[in-house]
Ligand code: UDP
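We begin with a single chain expressed as structure tokens, specifically the form predicted alone.
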């Protein structure tokens, strides 16, 4: 196959999971960056570290409202697709950028492929849930990471011939970027940490960062843990913490500016425990074999609950669950190390094969 494929992304998780696909497609990939994450630390560094290269179209929709992001990006991407006429458009996940790419592909009459399709939290309060459902409905191929995602799509009336179980490309991404053992030791020294002697946390979702009571409770629970807590501070969370007057809570944590993905996964592999509201960190925990506390009311990855992941709301449950997990170390780490990765093998190869299969049928 030599047909060009438009790859639309705009956020850190999309860049990470699409990087192996972009590498495999090589010169066939037409990169469209919406600029949904417009901070250099949240976008440019990931492009560089994952060797993705410069986008063919780079927009700047970051900082706008959800509707404005989707609308502005849809208009620009549609024009790009009409001019370039790729054989297919690929989007990933549940972002505003993904919705824009899907709507633009539909409008321009270009076949659409959705990577990480079929994931459902069944929580309609999450904008991401609306996004992923809409993208799946519009997609010619729904590439799912796990058989449970395929079943979810079938229950919603998506035909079998549109569904492919490909696995997740995240493990392939980590194979590209994971620091060596020597580099990981250097990271620990740089941050003044010891292996297994700290907690790594990330908080950024609106349900947590945008609500003073929730954000205060999370930060206080993290500060009360018996190990030092490293918190790379997302720009959104930093802004809200300052707005809500939570500087005293932040002062009790090891707060850092957002760090590169290579450094993040290197630290994650050495942590005792992860605490996050990120979808990607849930899956990263399955790869680095560390337990993760998910600070959310729901998750789109229920298949890892009770093993790698533990779901708790913002509040005292964070400290309680963390205490339970930390009390089981190092036995818990050994148990997780023995568990297989739940999201398949050869995902990147499977994804590209599914894209080419779709193109061949058109």
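Residue numbers count along the first chain shown, from 1. For clarity, every value in this text was computed on a predicted model and none was experimentally measured.
Below, we refer to the form predicted in complex with the ligand, which is not included among the displayed structures.
Mapping the unseen interface onto this chain, residue 16 counts among the residues with a heavy atom inside 4.5 Å of the ligand in the predicted bound form. Under a 4.5 angstroms non-hydrogen atom cutoff, the ligand in the predicted bound form has residue 260 among its neighbouring residues. Contact check for residue 279: a heavy atom falls within 4.5 Å of the ligand in the predicted bound form. Taking non-hydrogen atoms only, residue 234 approaches the ligand to within 4.5 angstroms in the predicted bound form.
With the partner omitted from this view, the residue of 131, 74, 140, 202 that lies near the ligand in the predicted bound form is 202 [heavy atom within 4.5 Å].
Looking at the ligand in the predicted bound form, residues 146, 172 and 341 place no heavy atom within 4.5 Å of it. Figure note: of the listed segments 246-254, 148-156, 106-114, 279-287, the one touching the ligand in the predicted bound form, with heavy atoms no more than 4.5 Å away, is 279-287.
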